[in-house]
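Given as structure tokens, the chain that follows is alone and in the form predicted alone.
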Amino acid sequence: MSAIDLRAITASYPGAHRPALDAVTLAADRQMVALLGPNGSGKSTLMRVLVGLHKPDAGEVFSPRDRTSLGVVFQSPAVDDLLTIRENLILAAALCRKPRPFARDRIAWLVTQIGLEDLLDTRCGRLSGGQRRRADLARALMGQPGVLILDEPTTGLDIDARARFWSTIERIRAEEHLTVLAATHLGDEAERADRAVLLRQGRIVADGSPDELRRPLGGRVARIDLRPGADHDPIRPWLESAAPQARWWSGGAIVPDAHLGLIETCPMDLATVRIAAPTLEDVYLWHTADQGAAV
């Protein structure tokens, strides 16, 4: 059985007009899987179901069954600011019912891997945002879990701290053969994963490796963004003629297999055109576009 195995999960909240998750099935084993989607797409609810904090209306969580096999990094660090990093990690080991010799050795290994050696006896309330996030990661890994859950883990971090966080995750994942499920709304973070699962309004709209998801868009994609306040009436007939394969979204359009002629003919006072290799953000817009939407 896979380390993560969710089948036909439907979950809702009281008073909501639609389910937060609608018959979602997901399996993963020793992979890093990114859940990509905006706020409200169902990412956090899926994770809450997985860790047992939200009971689904239908469907079943086949694995993990044992919550001790889970490590969780929340959007806000869960370390105690009044305790040192060492004290937080000792407490985490005790909560996982790990013996003291294990805790001692685990702390020594983790702080080396994560880069916390010089901060081990610093109170967490005195740490920078990036340092607190790394301390929180160490806390989540103290029990030596088989599955690591990351819910928007780089919220509030600067570019350098984000890059360091993900490099650390990749190094430890390879070392300990972890299955990682990471929720993000950033396409560049999802690019680091073995698989990206694209969620919209509680449903999976695409699932595959970043390369597999980008392939249908060709080597170059055009992203056409409408200028705010401009008269958009001429844009649709222009694009229907220049690129009938385009798909519209609320702020413009996505064109697969794009050609440079779009730049030459685009009414630049009404819209801007970017032509580049497709990103996962482009893929998301392609899969969630409303082809019948009005400009």
Partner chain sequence: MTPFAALFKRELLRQVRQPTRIVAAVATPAMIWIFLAAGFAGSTELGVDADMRAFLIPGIASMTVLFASIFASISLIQDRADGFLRAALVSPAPRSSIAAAKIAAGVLMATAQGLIVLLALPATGHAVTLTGMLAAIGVLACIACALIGFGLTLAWRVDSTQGYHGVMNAILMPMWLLSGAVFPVETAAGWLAAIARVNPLTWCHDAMRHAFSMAPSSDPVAAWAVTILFAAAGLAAGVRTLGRSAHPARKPRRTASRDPLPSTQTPDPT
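Between two forms, the rigid core is defined as the largest C-alpha subset superposing within 1.5 Å. Everything numeric in this text was worked out from a predicted model, so none of it was measured. Positions refer to the first chain, counted from 1.
From this point on, the text means the form predicted in complex with its partner chain, which you will not see here.
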Touches its partner chain in the predicted bound form: T179 (any heavy atom, 4.5 Å)
no
So in the predicted bound form, is its partner chain close enough to H185 to count as touching (4.5 Å, heavy atoms)?
yes
Touches its partner chain in the predicted bound form: T68 (any heavy atom, 4.5 Å):
yes
Against its partner chain in the predicted bound form, would W238 count as a contact residue? Criterion: heavy atoms within 4.5 Å.
no
F62, R134 and P228 - do all three of these have some heavy atom no more than 4.5 Å from its partner chain in the predicted bound form?
no
Under a 4.5 angstroms heavy atom criterion, identify the one residue in P77, P145, G202, P210 near its partner chain in the predicted bound form.
P77
Answer with one of R173, R164, R123, R220: the residue that has a non-hydrogen atom within 4.5 Å of its partner chain in the predicted bound form.
R123
Segment that reaches its partner chain in the predicted bound form - one of 238 to 246, 27 to 35, 255 to 263, 47 to 55, heavy atoms within 4.5 Å:
47 to 55
Quick one: name the residues from 91 to 120 with any non-hydrogen atom within 4.5 angstroms of its partner chain in the predicted bound form.
L91, A94, L95, C96, R97, R100
After superposition on the rigid core, does the Cα atom of R30 shift by at least 2 Å between the shown form and the other one?
no
After superposition on the rigid core, does the Cα atom of L226 shift by at least 2 Å between the shown form and the other one?
yes
